[in-house]
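Next up: just one chain, as structure tokens, the form predicted on its own.
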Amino acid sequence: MITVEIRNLIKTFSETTAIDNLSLDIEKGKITGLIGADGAGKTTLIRLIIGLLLPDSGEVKTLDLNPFTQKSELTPKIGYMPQKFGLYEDLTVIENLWLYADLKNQPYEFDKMLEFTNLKQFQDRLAGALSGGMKQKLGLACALLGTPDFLVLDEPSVGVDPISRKDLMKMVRDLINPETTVLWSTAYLDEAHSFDTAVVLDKGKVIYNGRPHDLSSTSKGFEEKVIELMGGYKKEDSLIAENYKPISSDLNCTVEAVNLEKKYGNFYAVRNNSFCINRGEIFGLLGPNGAGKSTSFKMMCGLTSPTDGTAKIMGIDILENPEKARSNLGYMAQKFSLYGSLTVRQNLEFFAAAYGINFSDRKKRVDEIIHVFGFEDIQEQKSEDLSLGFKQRLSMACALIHNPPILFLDEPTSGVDVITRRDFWNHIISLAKKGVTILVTTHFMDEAEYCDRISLFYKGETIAVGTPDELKQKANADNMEDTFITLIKESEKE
């Protein structure tokens, strides 16, 4: 039986075709994964399926109902978790559950849900004060109220660690009715193995629809097969690295954390964090949500003061001389942190000035960066109108414009497609070979393999440091995802 029937669906926004003549059937009682990068069309398709958007043309039938003309009949049958946290952050966990129960005319019977999600001890905490993983569990719990016939989850695992992602899938499988259909969208290719059916979307079109096993059973593996379906990736020499002129230095330990601590009341966000990153090394900082990675990043950059300890950038103490220390640093934030109302060129000019490039040299340097990053055709576009891939490229360009010897990259590839991810890492590895020191965080465990060394962070402390192979050997695991989960669980036992 079929829960959703889609035929020749088209949806455009201005000059952009979000859904391009798409036809698809979603089977009843199955968990179907809708896989694709930001901008692939996942959210638009979901909104068309549940009647939040009208198509330009084509047909959609959801649970044998027209989602546009019969929306009032369809809505009570659907549990919907939107991409952005759709709850009320100024209400507590239990107050959010009460609210959604009232909206769905459901009784206040949450004990099983609270126990299963490990939210019982946090039910009086404001939703806005929860970690990313806890927020997603609460959002999913609200979507599950009323045992819906069709559960629609728009990137429920975005930005959460592998342990939380597995918890969310277990929660869905254990709490839904066997007849319930689930549509789960994600940008994480490694989640495909959790689904009954994998639908890969690219530029508004279905490029694969079938069993996840059939995609990964080839000798090329899942990611390589998807790259092939998207048109392939040709590795080229990094023009970014070729044109890079970092400051020369004989200093070996270019980034150093010295007993860093950050305390809020009686809570340690970071405790006794010490490490040394060598010149030209790619150092990965991995850990679950709430482990203290972002706090460490902010202290290393001088954006927040440590309770104790310090950090040194190119041998310069970040507390004693923050301005000089930061001049050696290029920082690419996790969320797009540029100015949306400024054009690509204006953003580059602003950051060139902010990083202290002389006015006489500024235009030449901006022109160089525009050429190296391939921004010629979009340099007059506002950055808020760019695709996510180009936004990420612009963020990196602004971080590199002053040729810093050190780069801090906070989830630089979050949400972009696999080809763009591959291209980013080609640039990162090439920059490291030129002697640039790189500190990077990521929730993509396959990306951890690119790091020279990894520090695994949990509950504010480093629980393991080593090369990817050393950590895999320590966990007796074949891949970094299993390594991550094993070492975290072992640390909990201790």
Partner chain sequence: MKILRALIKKEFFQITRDPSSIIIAFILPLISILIYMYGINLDTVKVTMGIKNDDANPEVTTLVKSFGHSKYVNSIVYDNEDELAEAIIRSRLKGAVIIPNDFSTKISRGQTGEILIITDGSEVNTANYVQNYSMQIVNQWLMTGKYGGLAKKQIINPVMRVWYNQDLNSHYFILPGSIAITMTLIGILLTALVVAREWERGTMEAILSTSVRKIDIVLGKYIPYFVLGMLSMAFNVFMCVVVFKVPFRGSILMLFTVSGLFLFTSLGIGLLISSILKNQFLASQVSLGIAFLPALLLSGLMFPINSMPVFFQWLTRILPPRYFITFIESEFMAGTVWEIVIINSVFLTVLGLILFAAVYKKTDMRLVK
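Positions refer to the first chain, counted from 1. In this text, the rigid core denotes the largest set of C-alpha atoms whose superposition between the two forms falls within 1.5 Å. Remember, it's a predicted structure, so these values are computed and weren't measured experimentally.
Omitted here: the form predicted together with its partner chain. The next part is about that form.
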{"item": "Contact segment among 64 to 72, 29 to 37, 447 to 455, 461 to 469, judged by heavy atoms lying within 4.5 Å of its partner chain in the model of the complex", "value": "64 to 72"}
{"item": "Phe150, Tyr100, Phe195, Phe222 - the one with a heavy atom within 4.5 Å of its partner chain in the model of the complex", "value": "Tyr100"}
{"item": "Gly210, Pro76, Gly128, Gly231 - the one with a heavy atom within 4.5 Å of its partner chain in the model of the complex", "value": "Pro76"}
{"item": "Contact test in the model of the complex: Asp385 vs its partner chain, heavy atoms, 4.5 Å", "value": "yes"}
{"item": "Non-hydrogen atom contact Thr92 with its partner chain in the model of the complex at 4.5 angstroms", "value": "yes"}
{"item": "Residue contact check: Lys434 to its partner chain in the model of the complex, 4.5 Å heavy atom", "value": "no"}
{"item": "4.5 Å heavy atom contact, Asn403 to its partner chain in the model of the complex", "value": "no"}
{"item": "Non-hydrogen atom within 4.5 angstroms of its partner chain in the model of the complex for each of Gly133, Lys137 and Met171", "value": "no"}
{"item": "Heavy atom contacts to its partner chain in the model of the complex at 4.5 Å, residues of 296 to 315 in sequence order", "value": "none"}
{"item": "Phe68 C-alpha relocation of at least 2 Å between the shown form and the other one, rigid core basis", "value": "yes"}
{"item": "Leu456 C-alpha shift between the shown form and the other one of 2 Å or more, rigid core reference", "value": "no"}
{"item": "Flag for Thr16, CA shift 2 Å or larger between the shown form and the other one after aligning core", "value": "yes"}
